[in-house]
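In the block that follows, a single chain appears as structure tokens, in the form predicted alone.
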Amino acid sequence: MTDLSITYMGLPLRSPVIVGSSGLTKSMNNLEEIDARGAGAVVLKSLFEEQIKVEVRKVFSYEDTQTAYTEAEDYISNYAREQTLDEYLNLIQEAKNKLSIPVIASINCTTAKEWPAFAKNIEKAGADALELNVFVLPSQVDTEGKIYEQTYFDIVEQVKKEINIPISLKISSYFSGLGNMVKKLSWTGVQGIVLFNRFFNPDIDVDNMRIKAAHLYSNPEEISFSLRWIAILSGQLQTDLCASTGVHDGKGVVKQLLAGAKAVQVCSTLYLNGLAHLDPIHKEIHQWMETNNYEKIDDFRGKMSQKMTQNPAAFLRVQFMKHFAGIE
């Protein structure tokens, strides 16, 4: 029998498949089904930094965030009314009482101001770990990249002062030196780094002349980007790597594990196919391992990373010269 159990951020998981933070992970009915269908862990729907400020301070200020967008105040205020901080803490407590898998809380944050103290409440509620989903859009033309980058270190520093449970950092790729930045983040003492978060992208509705959300769900082709960076960084960091975005089936999970990921988050595919899709994902992983005579995940993890593969240059190629040679 093949064994899918792993250790991620020091937490024992029965499977490398983690259901990522989304609207699917904010109700107990869904959480219980996720548990029943064999997921290794679940990341609860994210609290927004702005929500915490609304509830704790009862005020909203754009001055503390660099990512304000049209109608954000109304959206966050309404969301906060629907899901108060107490409700979130109650969800953590109930999930811990009813689920057999690790429960990872999540906060979507952009600054290190005021809100980190709330992390204590998350720990007290029983969360096994906390995922910090951080994305600071480097949009100001007069602001140097190092200013944006320092925000990530400040957030981790402040949260680590408050809690003892494992912390993971879910980040984007918007850095001038991505590899170096991730390596430095791994030195902060976080137990996991998730590559990469999926954030709001704008589109223009030309018929109604308004801004709308684009590409709500990932597609399988998007796996290549995180796959490249998981493979490049595997074995070079002092923390666990978790892959995210573009993983839609069992083969996608296997690819990320071969690249060197400790765990893999899935989300969009569960929106598109339902939570029952966790079953074929796990079945496909088992079948691939049996076909290739692997008993445990550690038997093949990282075998196709840049460090271990026979063709390491493939992960560094960025031009299509060879692929399209002779076409033009």
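Computed from a prediction, not measured in an experiment: that's the story for all the values here. Residues carry their position along the shown sequence, with the first being 1.
One more form of this protein exists, namely the form predicted in complex with a small molecule; it is left out here, but the text below deals with it.
Here the chain stands alone, but in the predicted complex its contact with the small molecule, taken as any heavy atom within 4.5 Å, falls in 214-222 among 120-128, 146-154, 181-189, 214-222.
Looking at Arg198, you'd find a heavy atom of it within 4.5 angstroms of the small molecule in the predicted complex. The closest heavy atom approach of Ser15 to the small molecule in the predicted complex falls outside 4.5 Å.
When contacts are judged by a 4.5 Å heavy atom cut-off, Thr110 does not count as touching the small molecule in the predicted complex. The closest heavy atom approach of His282 to the small molecule in the predicted complex falls outside 4.5 Å.
Note on the partner interface in the predicted complex: the residue among Ser234, Ser168, Thr239, Thr245 having a heavy atom within 4.5 angstroms of the small molecule is Thr245.
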